[in-house]
Ligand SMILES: NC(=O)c1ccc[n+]([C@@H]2O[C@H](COP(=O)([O-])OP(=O)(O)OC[C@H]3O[C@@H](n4cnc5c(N)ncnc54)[C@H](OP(=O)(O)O)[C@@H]3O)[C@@H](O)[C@H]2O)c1
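Starting off, we have a lone chain in the form predicted on its own, written out as structure tokens.
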Amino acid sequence: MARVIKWGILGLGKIAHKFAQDLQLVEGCSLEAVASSNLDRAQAFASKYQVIKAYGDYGTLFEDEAIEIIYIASLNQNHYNHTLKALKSGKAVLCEKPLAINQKQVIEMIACAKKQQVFLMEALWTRFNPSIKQVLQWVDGGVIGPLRYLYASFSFNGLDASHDSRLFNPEKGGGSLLDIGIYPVFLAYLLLGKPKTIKASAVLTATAVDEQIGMLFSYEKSQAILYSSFAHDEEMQARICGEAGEIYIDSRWHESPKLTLVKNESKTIHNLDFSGKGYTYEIEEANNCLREKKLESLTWSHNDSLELTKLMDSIRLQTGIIFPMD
């Protein structure tokens, strides 16, 4: 029988609720403790998901000897510090994306995980979903021939949010790129690798973070057009085109179970089974890595997180997006 992996959650916002719901669907693990900077919030969260321990500070969670791995769901600007503290406490970490604000922080986090000999993975949950695995299988298998074009976007209307919100405050790592633009950038990196050149243009807010941003990745014989925005809603379909066919990931592509494969003028629709909201697959990956005593996932490695962060740093450099942490 597989060893039960005991989890803790740090930071109890909306995404933590989704994660906790999916954690309940995964066999061989349990949610043992949750922590917030507000005890009432922690107790309410714990009550909702039948969690025994609720902490009103993060230090107690780090010290809890029963906890093997912590899912860090705090705001972007806190990922670096919270992850380092967890790692130094001997806890494995699944840290919400982006892993950190910049590559300097990511390098330190990876070095700390290796020094402490504990597992660290960025919670880029889309990478582990069945739809993305199927797309990668088709592309790697040459089903649509050599790739020539990729389009992916992520957009929603967040203009009602205040300048102090996580969306627009540079102190909180705000802007669409780190929050949602990371998904299109990830897809291009996954399917096409590191681009030869990047061109980016952004509409900046009064707080000097990106309200919307467009990116063109150029490769030897292919291009990726990527976009993210807080300025409007959009049907978010991804398009992947090769010389022998096309793949369309239905809206919202980063979490959609529906794929369309077009080849030889024939269109085939694939509806894949999804467990929960889709976080189950990254949870299963982390559980398996811990049971096998791995320090990183081979599916989404330390280097993958670092290369993704480097791409976003390059985009920010071009568009003048600077955070205090830089």
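Everything numeric here is computed off the predicted structure, so don't read it as measured data. Sequential numbering from 1, following the sequence displayed.
Although it is not shown, the form predicted together with this ligand is what the next lines describe.
S.K.: Do residue 287 and this ligand come within 4.5 Å of each other in the predicted bound form, heavy atoms counted?
M.R.: No - in the predicted bound form, heavy atoms of residue 287 and this ligand never come within 4.5 Å of each other.
S.K.: If we define contact as a non-hydrogen atom of the residue within 4.5 angstroms of the partner, is residue 85 a contact of this ligand in the predicted bound form?
M.R.: Flag for residue 85 set to no.
S.K.: If we define contact as a non-hydrogen atom of the residue within 4.5 angstroms of the partner, is residue 231 a contact of this ligand in the predicted bound form?
M.R.: Output for residue 231 is no: heavy atoms all beyond 4.5 Å of this ligand.
S.K.: Would you check, heavy atoms only and a 4.5 Å threshold, whether residue 73 touches this ligand in the predicted bound form?
M.R.: It does: once this ligand is placed as it appears in the predicted bound form, residue 73 has a heavy atom within 4.5 Å of it.
S.K.: With this ligand left out of view, which of 77, 129, 223, 212 would have a heavy atom within 4.5 Å of it in the predicted bound form?
M.R.: By the 4.5 Å criterion, the partner-contacting residue is 77.
S.K.: Could you tell me which one of 219, 189, 183, 227 places a heavy atom within 4.5 Å of this ligand in the predicted bound form?
M.R.: In short, 183.
S.K.: Counting only non-hydrogen atoms and a 4.5 Å threshold, tell me whether 96, 125 and 172 all contact this ligand in the predicted bound form.
M.R.: Per the other structure, all of 96, 125 and 172 touch this ligand.
S.K.: Just to confirm the contact call: exactly one of 97-105, 196-204, 144-152, 236-244 touches this ligand in the predicted bound form at a 4.5 Å heavy atom cutoff, so which is it?
M.R.: Single hit among the candidates: 97-105.
S.K.: Looking at this ligand in the predicted bound form, which residues in 272-301 have at least one heavy atom within 4.5 Å of it?
M.R.: Sequence-ordered list has one entry, 279.
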